[in-house]
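In structure tokens, the next block holds one chain alone, the form predicted on its own.
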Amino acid sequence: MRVPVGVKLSAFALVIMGSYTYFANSIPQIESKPPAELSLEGGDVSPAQLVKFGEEIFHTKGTCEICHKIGEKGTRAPDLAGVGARAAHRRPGSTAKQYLIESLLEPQAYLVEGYPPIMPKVDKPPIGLNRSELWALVAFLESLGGTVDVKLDDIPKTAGAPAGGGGTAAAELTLPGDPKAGQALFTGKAICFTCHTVDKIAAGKIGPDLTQIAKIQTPQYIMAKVLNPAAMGTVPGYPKGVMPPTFGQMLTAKEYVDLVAFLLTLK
């Protein structure tokens, strides 16, 4: 009996698929997990452990070192060497820990001379530190020339989302724009690439590096900066008045939303 060609092809396809499935299942699988939240509430932690946790947050989730340096001047924000000691004298009537906590939760309350109000609230998106992480970060900052005496009770209970997902974090703003179209505008009509650096896309040096801008700035800041750059202040180390205030006239509404959507991908 002759077997129809279609049947032969179907059987052959099943054998091939089975072989690929067996091969794929034989490869060790790598599970990708988001970074774990730090939770210290109710735990017994020493000042040294707290400082160590805080230093890790400074370099990772807190994204602090994108703007701040320790022992050298950064281009966006003040050098933090010795900040634990300086914080005690920064604002009359405030202790070091009070000033540091305020600087993280309400960074616009007091501005260091020469620096614009560009720091976001670190307990809100895009950074979103929880109360334990804020506690550890303050301890680390205190350790830079000062005395570590911050307690969890010093951090407002309303700060951040409770560790472990027990609360509701503020929803991040999402735009209906097309990031790919926005990238084309960045390297084309909007000519952003002539002044700004974005990894593998642009290497301008006149304006600040935007490679991780969405990791350290809110969507609201980015949207406002495109339309009215002077009102948002100038990053130290860069000339004032260079960024044109005419993008609201140069770009259509769709182009503006596309450009911002692209900038929000830069994390």
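In this text, the rigid core denotes the largest set of C-alpha atoms whose superposition between the two forms falls within 1.5 Å. These figures come from a predicted structure and were not determined experimentally. Sequential numbering from 1, following the sequence displayed.
Just so you know, the form predicted in complex with heme C exists too; it's not on screen, but the next bit is about it.
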Indicate whether Arg76 is a 4.5 Å heavy atom neighbour of heme C in the model of the complex.
-> yes
Considering only heavy atoms, tell me if Ala159 and heme C come within 4.5 Å of each other in the model of the complex.
-> no
Would Leu105 show up as a contact with heme C in the model of the complex if we use heavy atoms at 4.5 Å?
-> no
Given that the partner is absent here, does His196 sit within 4.5 Å of heme C in the model of the complex, heavy atoms only?
-> yes
Kindly confirm or deny that Leu80, Val83 and Leu141 each have some heavy atom within 4.5 angstroms of heme C in the model of the complex.
-> yes
From first to last in sequence, which residues of 205-236 have any non-hydrogen atom within 4.5 angstroms of heme C in the model of the complex?
-> Ile206, Gly207, Pro208, Leu210, Ile213, Ile216, Gln217, Tyr221, Lys225, Val226, Gly233, Thr234, Val235
Core aligned, does the CA of Leu105 move at least 2 Å between the shown form and the other one?
-> no
Quick one: once the rigid core is lined up, does Gln183 have its C-alpha move by 2 Å or more between the shown form and the other one?
-> yes
